[in-house]
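Next up: just one chain, as structure tokens, the form predicted alone.
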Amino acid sequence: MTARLPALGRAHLALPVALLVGLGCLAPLAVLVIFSVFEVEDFELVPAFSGRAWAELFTTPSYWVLIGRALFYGAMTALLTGLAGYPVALALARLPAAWKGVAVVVLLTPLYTGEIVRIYAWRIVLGAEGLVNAVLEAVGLIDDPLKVLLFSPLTIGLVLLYNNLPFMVLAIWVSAEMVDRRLIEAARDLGARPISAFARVTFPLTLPGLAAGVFAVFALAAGEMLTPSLLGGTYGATAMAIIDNLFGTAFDWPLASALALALLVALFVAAVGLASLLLQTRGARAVLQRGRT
């Protein structure tokens, strides 16, 4: 008799992918940790156990200002995309099945072009001679172009919202598709008004998707470099731009590695904290417990 092979469960099937992802994440982190205690002599990395880079990082306030700015951009983008994307995701979840494929294509259309193309398109739209100023001047609302539309925090926030909105909508949409419509109908049959049924049924059950969207958008927006650099003007300095400069022009790899690790830890803790707050509600816990059964 031949021995039977054990049945492969979901955990076994996910193991190769988990190992690949773990290796792809842990190996670069290990390299950064090692480089952060090296020294640089004559533009060459010298293996040494030195705390120079970490000491400079912790004693230079400007680095922490940039990390704080990254956290602010991430949090504001997550908040705005959540507010704008939630009703869109609910509307998409109620579409007929035949139209959902079309909706996905339309939703992802902004991502079909490269980020540089999207950024320069926004510069054309919001510039002094751009479409927005031209329309406002044509209808007589302004006499001179509005310079605040470009190279300002407002511009950075608007473009970060535009770039990250599809990720938030997709995350909430997946969660909204899993909501059993019979629960909403039961709430209505028991006398709940539409707003009350939404607050007590729909919103708690879609919180896992909202938490996933917040986590993803926060990390993407906070780690953004091109959008603030090309559209922020004097407000465009970011921790990612400094890291790029330290790795490239300045060739201070130890300090760049230390700053990258500090930024990564700050972003991860903040993103996990925000997502965890959303998952503490009773409805979200019920969804997660049901997923484990």
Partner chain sequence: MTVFSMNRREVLASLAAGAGLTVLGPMGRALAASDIVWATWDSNGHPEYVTAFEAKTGSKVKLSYLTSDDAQFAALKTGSASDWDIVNPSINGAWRYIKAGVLKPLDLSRMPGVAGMYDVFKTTDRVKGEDGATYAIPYLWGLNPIVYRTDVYAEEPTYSTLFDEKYKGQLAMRDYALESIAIAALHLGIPKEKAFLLDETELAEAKKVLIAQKPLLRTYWQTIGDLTNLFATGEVTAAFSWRVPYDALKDKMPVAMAKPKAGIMGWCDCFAIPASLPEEKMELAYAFGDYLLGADYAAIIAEIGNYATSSGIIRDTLTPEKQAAIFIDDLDVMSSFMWPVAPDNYSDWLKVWNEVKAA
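Residue numbers count along the first chain shown, from 1. As the structure is a prediction and not an experimental result, all values here were calculated from the model.
FYI, the form predicted in complex with its partner chain isn't displayed, but the following is about it.
When contacts are judged by a 4.5 Å heavy atom cut-off, residue 43 counts as touching its partner chain in the model of the complex. Contact check for residue 38: no non-hydrogen atom falls within 4.5 Å of its partner chain in the model of the complex. In the model of the complex, no heavy atom of residue 177 sits within 4.5 Å of its partner chain.
In the model of the complex, its partner chain sits within 4.5 Å of a heavy atom belonging to residue 242. Contact check at 4.5 Å (heavy atoms) against its partner chain in the model of the complex: none of 111, 215 and 218 pass. Of the candidate stretches 161-169, 145-153, 94-102, 76-84, only 145-153 has residues with heavy atoms within 4.5 Å of its partner chain in the model of the complex.
For the candidate set 48, 237, 29, 264, a heavy atom within 4.5 Å of its partner chain in the model of the complex is found for exactly one residue, namely 237. Shown here without its partner chain, the chain has only 225 in 197-225 lying with a heavy atom within 4.5 Å of that partner in the model of the complex.
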